[in-house]
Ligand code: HEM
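What follows is one chain in structure tokens, specifically the form predicted alone.
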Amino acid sequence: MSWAVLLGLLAALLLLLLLSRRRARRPGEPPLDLGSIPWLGYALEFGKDAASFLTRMKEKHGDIFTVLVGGRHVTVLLDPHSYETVVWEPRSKLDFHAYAVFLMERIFDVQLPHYNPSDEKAKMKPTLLHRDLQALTEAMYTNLCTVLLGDTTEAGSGWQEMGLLDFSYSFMLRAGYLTLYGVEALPRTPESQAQDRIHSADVFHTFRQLDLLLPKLARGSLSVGDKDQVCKVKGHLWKLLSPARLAPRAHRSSWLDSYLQHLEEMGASEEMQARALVLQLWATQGNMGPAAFWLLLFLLKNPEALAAVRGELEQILLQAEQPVSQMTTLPQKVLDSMPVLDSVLSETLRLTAAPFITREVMVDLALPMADGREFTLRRGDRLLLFPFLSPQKDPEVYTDPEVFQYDRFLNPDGTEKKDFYKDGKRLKNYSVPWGAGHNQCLGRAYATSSIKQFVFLVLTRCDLELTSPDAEIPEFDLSRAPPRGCRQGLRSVSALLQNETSQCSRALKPRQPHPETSSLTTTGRKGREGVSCSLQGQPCVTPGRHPTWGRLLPPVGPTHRGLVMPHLLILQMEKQALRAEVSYPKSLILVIFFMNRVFREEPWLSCLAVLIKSSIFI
């Protein structure tokens, strides 16, 4: 029997099983929409443009509904008045941790023994507050000066060009890395600062290669070449951020020391600690650079907003006790007295921050709505909030919600505006860029201070302008914070150093793929078993590979492209079945296990062995 016939028979059997078990809406449950494609439901539409899809579903069903997405029933809640009930519900009812662990393993190959996100959060929270937060803020300012002003000095004078996204992302991540993970040596000398610039640039360029592939990695749509690249980049990052490599670094943050201690207490190996540190680099730095990009872009495209921010900063400099070129830090009280810049940042995040707030429904649950209605949620479903649609883009909450208004979050007297209304009632959650409730971002104060310090330095120490000021603002890609196809260039930078008149600049060019800087040696094996790699003799877990599942997916050639999405869905079901997360029929479990092996092109004997071993389920 040919492979095509076998796959056809198995697919038909699976389809019959699924069609015979189509879910029906029970009394008291939200409106149910399964779509026209069995099992897949609305997976393709959701993945292509979640915002447009959910907007259409809201118009059809209202502000709460359940849709079928890739074998999962997802209940979407779009009533901002009711968010508070969800985000503070205890983990025993609505849990985020299982999904977070799944993403840790799938994207960053991190598997921590005895991992408890609540314990980790409790231990790390003190390192991002009060005195430790002040230390982070001061170190960030120093490191921003090191990389931003130091690079402009080394580049020489004259106007140069650079992509605005790379400009913002590189300096923010490099300074953030030095702040959290330590610097070359103390006291800071020109030589050690030069080494910091070189080393942080290596970290950024390597990280950026992984960052560009993260959307594909999350979706499981990597090509064979992408898998090789991800393996190499991850290996180099693990080497750069290994505990042994970080041990001699000076001025390490208390956050890093506490996190490493936490990993050691859990029994994580040094290799796994390095992987966890790469995960944390992404978690702590992955959004600050893109947020700074959007903020600068909105300012450069809105002269009135730019003039207002510059005027506010000029007032701060007039009250300062020393010239800006001699300032070694921005006191917290100064950072807290920037209402115009705060409003610009809030408006930027309102327009561009689009987090999904997800919870796994652990028990059958009655969800009370703010308007008095009550809906029943089923155990095993997923609950999703999408504040980007409501309240952030809701025309009832914000006038002209698609338009950037720099003073939207300012009262007429210049104080922060906090009163926004929907359905005649004041909103508590009128913008949710940092998450909410139990899972609100711990580092939001550090991130906010860092972005404001970066903007302060750029606007007070540099001259900058767009090379194409008439070009439209690029389309926002909801699958990733950086813009899709952004070609906005930044023309400048002239840093005002020491005498405040000498002009120095950095070469700024449109974003280009950076060449591989890794010295990592890899070995690849391609064929029916996929691709593998090694690092100094140690196996490297790569996308599509999991210790439980063994071999990688086969190369995505012309005959396999149509099978990628079904395999991912079946793989998810297999994991759920093994972890007893979902009670599938025994006959369906057999088909799931068998088809996983078929999609991986495993030998016939292996597939038959699965059939024999799985016979206990029937």
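Quick caveat: nothing in here was measured; it's all calculated off a predicted structure. The first residue of the shown sequence is 1; numbering continues from there.
One more form of this protein should be noted, the form predicted in complex with the named molecule, which is absent from this view; the next part is about it.
**Student:** Evaluate residue 392 for contact with the named molecule in the predicted bound form, applying a 4.5 angstroms cut-off between non-hydrogen atoms, and reply yes or no.
**Tutor:** No, no contact at 4.5 Å.
**Student:** Is residue 219 close enough to touch the named molecule in the predicted bound form, meaning at least one heavy atom pair within 4.5 Å?
**Tutor:** Judged by the heavy-atom cut-off of 4.5 Å, residue 219 is well away from the named molecule in the predicted bound form.
**Student:** Whether residue 97 contacts the named molecule in the predicted bound form should be assessed with a 4.5 Å heavy atom distance threshold; does it?
**Tutor:** So residue 97 counts as contacting the named molecule.
**Student:** My question is simply whether residue 121 lines the interface with the named molecule in the predicted bound form - judged by any non-hydrogen atom within 4.5 Å.
**Tutor:** Although the named molecule is absent here, residue 121 would touch it in the predicted bound form, with heavy atoms inside 4.5 Å.
**Student:** Using a 4.5 Å heavy atom cut-off, indicate which stretch of 281-289, 297-305, 192-200, 321-329 touches the named molecule in the predicted bound form.
**Tutor:** One stretch meets the cut-off, namely 281-289.
**Student:** Looking at 128, 183, 367, 240 here, can you tell me which has any non-hydrogen atom within 4.5 angstroms of the named molecule in the predicted bound form?
**Tutor:** For this set of options, the contacting one is 128.
**Student:** By the heavy atom within 4.5 Å rule, which residue out of 436, 457, 263, 231 makes contact with the named molecule in the predicted bound form?
**Tutor:** The residue from 436, 457, 263, 231 that makes the contact is 436.
**Student:** Between 349-365 and the named molecule in the predicted bound form, list the residues on our side with a heavy atom within 4.5 Å.
**Tutor:** If the 4.5 Å heavy-atom criterion is applied to the named molecule in the predicted bound form, 349-365 yields 355, 357, 359.
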